[in-house]
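Okay, so we've got a single protein chain in two different forms coming up as structure tokens, structure 1 first and structure 2 after it.
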Structure 1
Amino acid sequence: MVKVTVWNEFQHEKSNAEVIAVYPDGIHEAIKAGIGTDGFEVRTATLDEPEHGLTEEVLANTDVLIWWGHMAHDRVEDEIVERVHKRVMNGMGLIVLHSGHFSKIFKKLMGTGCDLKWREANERERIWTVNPAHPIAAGLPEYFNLEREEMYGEHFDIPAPDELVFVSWFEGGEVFRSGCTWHRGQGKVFYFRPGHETFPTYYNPNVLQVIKNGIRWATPSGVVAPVRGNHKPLEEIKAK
């Protein structure tokens, strides 16, 4: 069983009627229900909980953390960001969704500005697989549509992904690298673009398939932690 924690800032869903209509229990509950329990043991955590629900104990018991945030990035405590970062370095997988591109943890892991173009215009997004050998593309059609989404456009200010899995086409004329993977420390990071709070994206079966594939891909590999610091020679060194 992969232990998954779905983190959501859970703010829009308390205050914005349009969002409440789509996600009455919050985006985190929709994702939790959507990914199901086949191989996954899922809990949720949100901003307003003590320590944002991300205690040392919760993180130690999380294989893969899913992150959705938007309007409250600045309210995430730096100490918790450091804690999540350290846990990724130690092997926890991290899946960052949509507006999470501007979260503190994603920017810290990327080392860049993580900015992009955007537009709210109810337009069509078509997500193309450009890496059909990748496990995150398993079981998906070669493209799928989201009839109404927010646009994100290039240039997306991220490091070149280790692997580029999806590229989005937008009706208004833009493209976006919408499925990207990186290794950081012993951890794996997957960014997936869709999921504006006013659209029912996290009920879409293809989107849920991508997230489930992402969880499996990001699960810790059982690697032995490297030792660093002062190191004795393994071979004889000759005096010079």
Structure 2
Amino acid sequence: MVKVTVWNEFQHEKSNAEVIAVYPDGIHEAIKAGIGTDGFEVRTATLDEPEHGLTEEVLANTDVLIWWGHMAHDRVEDEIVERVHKRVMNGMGLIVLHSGHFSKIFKKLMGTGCDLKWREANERERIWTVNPAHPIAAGLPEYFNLEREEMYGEHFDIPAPDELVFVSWFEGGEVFRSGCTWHRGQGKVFYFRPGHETFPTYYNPNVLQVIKNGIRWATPSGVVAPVRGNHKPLEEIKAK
């Protein structure tokens, strides 16, 4: 059973009527319900909980952390960012969604500004599967459409992905690297673009399939962690 924690700042859903209408229980609860329990043990955590819901105990019992944030990136305590970063480096998977590209943890792991173009115009997004052999693309069509989404456009200020799985095209003409993976330490990171808070994106079956595939891909491999630092020889070194 893969242990998943869905983290959401859970701020828009408390103050914006348009968002409340789409996600009355919060984006985190929609994702939790959408990915289901087929091989997953899912819990949620939010910004206003003590330690943002990401205590040492919670993270120690998390195989894959899903992160959604937007209006409160600066309210995430640096101590918690360091705690999450350490867990990723030690093997925990991380899936960063939509505006989480500007989160402290994603920028720390990328080492870049992670900025991009954006526009809110209720336009169609077409998500193309450009790496159909990748495990995150399993069961996905050649492309699928989201009829209304926020536009993100290049240039996306990220390091070159280890693997590019999805590319988005928008009705206004822009394109975007919308499904990217990286390895950081023993952990794996997947960024997936869709998910503006005023649209029902996290009820879309294809989007949920991508997230479920991402969880399975990012799950720790279980291999023994590498040994570093000063090391005794494995065999006798003969004097010369």
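Each form is matched to the other, and the largest set of C-alpha atoms that superpose within 1.5 Å is called the rigid core. Shifts are known only where both forms have a C-alpha. Just so we're on the same page, residue numbers count up from 1 along structure 1's sequence. Please read these numbers as outputs of a predicted model, since none were measured by experiment.
Here the chain appears twice, and structure 2 is the form predicted alone. In the rigid-core superposition between the two structures, residue position residue 234 carries a C-alpha shift of 4.1 Å.
For residues common to both forms, superposing the rigid core between the two structures reveals a single consecutive run of 3 or more with all Cα shifts of 2 angstroms or more, at 231-240.
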